[in-house]
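Only one chain is included here, represented as structure tokens and corresponding to the form predicted on its own.
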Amino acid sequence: MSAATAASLPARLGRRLVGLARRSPTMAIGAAIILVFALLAIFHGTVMPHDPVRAYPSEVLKPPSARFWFGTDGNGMDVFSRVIYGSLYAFGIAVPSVAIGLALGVPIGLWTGYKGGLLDETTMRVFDALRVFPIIILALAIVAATGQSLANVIFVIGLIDAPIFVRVVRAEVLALRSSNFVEAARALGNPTWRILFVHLLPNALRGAIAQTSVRAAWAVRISATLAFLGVGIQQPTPEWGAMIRQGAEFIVTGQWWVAIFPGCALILLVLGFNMFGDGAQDVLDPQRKSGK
């Protein structure tokens, strides 16, 4: 690669990003929100003014000030530093849980959609039953039974979310399995695995990819809900749901900052994921945008 070509890469990338933002301002705003929180998670050690789990016994429930920008909580810990560190847990839960959902859901949706018949119907009824059951109660029961570790929370969220990806990929495969390129692949003697992973998978992933951001938002929300209900990540771990749970008891006595600031962070990140996902669906499916 020549020096001129290398120098032009940032400019071309910038033009593409600007063009993408013009096509979907919603996606651009969502991406900006996600990027801010991602940078906070990556550089949390530089941004945090205090240790997020260090208690200052003489500074319990102090309001926002020059020293503690978001005030302190019931243990005397800096809320601002804890909110920043909480973004690390948000991404640390959302990304692997979505990856688990994709790893489980995509192959199952690909296989059942292609094979059809009794296997397809039986599998989909099982997943439908899983989705009909109240998600929060199901998650509470599984986490309570398996333990309240971070790994268990991530696995449970990914497992519960897998049926979404199964259904999305299956719908794409059902529409594609009678296509000319699939019939041609069969006629040429391609084995089933090659038809599935070489011919169908690249064309069936569009819907699943568009869903990843929305499901990441759901993962952040459900993990915070579990922590708020007392099943999941617990204090003094700086996780937003656990922080909101601790701060809820202080709102009635006027210490609003303990719960409000992590709550705002949670709302903003979920909004960013949802906006990015909605915009991504518009970009990947122009007919959807024109039909709004």
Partner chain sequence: MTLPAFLARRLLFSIPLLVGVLFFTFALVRIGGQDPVALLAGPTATVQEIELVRRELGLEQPLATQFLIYAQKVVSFDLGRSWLSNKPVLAELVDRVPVTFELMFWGVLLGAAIGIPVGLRAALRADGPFDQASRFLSLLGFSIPTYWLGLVMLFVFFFLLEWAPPGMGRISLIVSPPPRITGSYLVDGLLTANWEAAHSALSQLVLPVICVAIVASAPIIKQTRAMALEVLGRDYVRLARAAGLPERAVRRIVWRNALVPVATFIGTEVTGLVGTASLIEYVFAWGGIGQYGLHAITSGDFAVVQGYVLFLALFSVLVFLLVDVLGFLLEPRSGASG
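What you see is a predicted model; the values in this text were computed from it and never measured. Residue numbers count along the first chain shown, from 1.
Although it is not shown, the form predicted together with the partner chain is what the next lines describe.
In the model of the complex, G116 stays away from the partner chain, with no heavy atom inside 4.5 Å. Residue contact check for A145: one or more of its heavy atoms lie within 4.5 Å of the partner chain in the model of the complex. Heavy atoms of A259 reach within 4.5 Å of the partner chain in the model of the complex, making it an interface residue. The partner chain in the model of the complex is not approached by L174, whose heavy atoms all lie more than 4.5 angstroms from it. Comment: 219-227 is the region of 66-74, 36-44, 49-57, 219-227 lying near the partner chain in the model of the complex, near meaning a non-hydrogen atom within 4.5 Å. Contact with the partner chain in the model of the complex, defined as a heavy atom within 4.5 Å, is made by all three of R131, I137 and G254. Annotation for 53-82: no interface residues with the partner chain in the model of the complex [heavy atom within 4.5 Å].
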